[in-house]
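Listed next as structure tokens is one chain, alone, in the form predicted alone.
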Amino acid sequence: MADYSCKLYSNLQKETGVETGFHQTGSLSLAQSEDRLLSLKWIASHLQVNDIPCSILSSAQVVELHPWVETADLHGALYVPVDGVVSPVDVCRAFAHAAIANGVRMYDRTAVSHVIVEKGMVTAVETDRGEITCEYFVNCAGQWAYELGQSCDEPVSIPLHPCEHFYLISHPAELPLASDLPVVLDPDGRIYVRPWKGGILSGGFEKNPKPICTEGKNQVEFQNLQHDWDHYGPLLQSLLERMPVLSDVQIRRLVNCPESFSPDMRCILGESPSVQNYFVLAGMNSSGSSLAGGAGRLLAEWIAFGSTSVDVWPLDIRRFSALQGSRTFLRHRVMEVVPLLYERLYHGVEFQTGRRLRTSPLYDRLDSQGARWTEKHAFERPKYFVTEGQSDGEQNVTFFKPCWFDIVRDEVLACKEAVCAIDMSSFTKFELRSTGRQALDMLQWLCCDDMDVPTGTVVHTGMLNANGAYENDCSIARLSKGNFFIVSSTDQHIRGWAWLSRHLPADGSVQLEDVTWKYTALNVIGPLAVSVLSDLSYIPISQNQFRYMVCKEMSMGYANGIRVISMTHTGEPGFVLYIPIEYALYIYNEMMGVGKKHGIKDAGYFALRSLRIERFFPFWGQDLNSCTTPLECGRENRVKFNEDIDFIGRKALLQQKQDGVRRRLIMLILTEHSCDEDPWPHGYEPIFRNNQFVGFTTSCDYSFTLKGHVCLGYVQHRDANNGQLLSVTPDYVTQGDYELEIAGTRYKAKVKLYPMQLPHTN
């Protein structure tokens, strides 16, 4: 998005005739540590394969580009020569000029008081100049977006909160600073510095940010707040240490202008899940100018075409739960987010605020048994368990071999050799019901696989959009003729509900219920899982009696109504138990008791991740998204091509099948990468085939079975002469030499197009 914005701004003045203040100055990101430099090398890898010029510089090279920068404590820097600066006010003026020239009617200084919704869709807005009828409404109100979202017939939750943001403007230096010198970003010092009329403009992201409007509705107009030199002091100290020459330069003024921040440091984009045609673009986290052009383009695509040209799930408003719209949560979270904008360095850093909002009934029990927690969609989930005699080094984060390596290894081995239990209660669970075949007909239209299966059968299927790509990846159990149990990933909760709700028959013949909180889910994995299930239910059970992808309702001990599904989301043998929530603790205690003789132990999501990646098991949000089709990820056998049943996306898939897929999901096994000495891949690493960039990884982990890193990712095939995308055939995939680039270093890899035969395959 930033690259598109920069290119857009560079031509905007020429196109509109309005001055934008654009200067291509370049940027320097400084590293005060080896780990920071490694993170910059990671960024450089991404920029270079996206044809954005950049280079890693030594301290001496930094001085050559910017003589004011003190480099004694630096380990290096990242230089991006095509970066630039603009005047935000002038850019807005240029956009407005172009819009009016193209027929757009603009109402300046007009207050929007209410958004009118009829039948779940935007129809008009009320303003202080009267009502305006509209087909689409876009909330890009910045720090006021939260309040504007609430002033709707059906409130729209937009989780952001404003904080004070300080920056300093100096008078010109005695020898004025050249306007074409690079912008300096010093994340370890928490500051940024850019040339400004012979002097500098410098701001930063302090450790102790100051939220505003904490007592109620945001009534602040767009204006500067009261300055606070004591609060800005640490940033000023960092500035003078980085550029000592500034000690002789006079300060013109300190500006305090509010900025809005989101709970996860990413902007908020997309259509509201509750109101159709209500779009949002807000929460820019002080990067509004750099991201606006690219984000605006994506939003325009979404409105005009119903989808975007690239996957935007990491920015999608549907990634947030309603709980994350709480004012108290947002106030506390942004106090953590602001310093992390520059401080966050490593993959997998956990937020500490707003935790323990959504927990399973087993939370306290698992916590007492050494669970270490991660959060997904505000739901606490166990990462792994530190038992007596083990240590995870206080969960220190690193680019290299993590402190939990041996712990997760033991959990993975138990899953493969004995049996483990993973609390997966956070998974999304819906029920779809009808008295006749209406629910079946609805699912046949929504799902790419055939849902007209015998009662008790489980189908793993996708719900596709008109482009044939995944809107939802789920497992559906047919409980009875008109009753279906739908299970999907945790972060599909809001998205999945919205997709299903919008396709319910208007006559009310199908009922949709969210039963996520009615069932606790225990994933029982391993070759001895069947023995534990037999002991728990007092009924001899074998794999032949309980086939793969079957759902049965069972009694266990004193409890009944437990739904048992013979799949584990890992490719390993076992079952997922969906337990009525009131029985959860009882069943867990019973299971751990009868499982003791089978070597049962607790495990977490890190073990599950390792298991599913080595089994080539793609997950939604990582390997699957709204731009991925079943043909691209090797799931053509889960599409009902051979049946005369229409479904959303069928036409697009038939066309893709005829034309050939232009990208393909593959598995890469690193062969010359040291688990102990080299940085670990985490996803989005560039993939090279025969020394040509062909794609990115989507998810990676260490395989304790293969004793090396395994990565999933997508590859493309481009014509060497004109760059046109060609079909990705099995021969193209398997007949190349592959490398993976991690932080600027390439490692050889073996490629697999299909899952490997490993022990204990279902």
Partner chain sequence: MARISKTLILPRLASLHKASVVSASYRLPIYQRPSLLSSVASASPSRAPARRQPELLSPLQVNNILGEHEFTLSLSGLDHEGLGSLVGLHSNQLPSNTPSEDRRAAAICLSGPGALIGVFDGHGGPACAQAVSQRLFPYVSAALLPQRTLEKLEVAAEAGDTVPDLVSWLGPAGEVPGRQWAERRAWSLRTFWQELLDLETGEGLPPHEALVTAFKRLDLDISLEAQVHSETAGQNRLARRVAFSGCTACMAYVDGTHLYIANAGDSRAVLGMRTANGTWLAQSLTNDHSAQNERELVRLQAEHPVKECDTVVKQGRLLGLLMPFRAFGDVRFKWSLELQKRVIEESGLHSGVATQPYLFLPDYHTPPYLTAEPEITYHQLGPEDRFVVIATDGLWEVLHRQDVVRLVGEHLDQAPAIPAPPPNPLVCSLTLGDMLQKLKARREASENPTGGDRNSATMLVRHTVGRDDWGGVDPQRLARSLSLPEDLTRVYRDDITVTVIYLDPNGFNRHQ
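Residue numbers count along the first chain shown, from 1. Small disclaimer: the values here were computed from a predicted structure and weren't measured.
Although it is not shown, the form predicted together with the partner chain is what the next lines describe.
_Counting any heavy atom within 4.5 Å as contact, can you tell me which stretch out of 638 to 646, 544 to 552, 152 to 160, 248 to 256 lines the partner chain in the model of the complex?_
Result for this chain: 248 to 256.
_Position in contact with the partner chain when the complex is considered in the model of the complex, options T110, Q237, T457, S391, heavy atoms within 4.5 Å_ = Contact residue from the list: Q237.
*asked:* Please identify the residue among V337, I579, L446, L168 with any heavy atom within 4.5 Å of the partner chain in the model of the complex.
replied: Only one listed residue qualifies here, and that residue is L168.
*So, in the model of the complex, is D450 in contact with the partner chain at a 4.5 angstroms heavy atom limit?*
D450: no, not in contact with the partner chain in the model of the complex.
_Can you tell me whether G233 touches the partner chain? I mean in the model of the complex, with a 4.5 angstroms heavy atom cut-off._
Yes - in the model of the complex, heavy atoms of G233 and the partner chain come within 4.5 Å of each other.
*Quick one: is P211 in contact with the partner chain in the model of the complex, heavy atoms, 4.5 Å cut-off?*
Outside the cut-off, so no.
*asked:* Given that the partner chain is not shown alongside this chain, does D364 nevertheless sit within 4.5 Å of it in the model of the complex, heavy atom to heavy atom?
replied: Taking the distances in the model of the complex, the answer for D364 is yes, it comes within 4.5 Å of the partner chain.
*At a 4.5 angstroms cut-off on non-hydrogen atoms, which residues of 364 to 378 are near the partner chain in the model of the complex? List them in order.*
The stretch touches the partner through D364, D367, S368, G370, R372.
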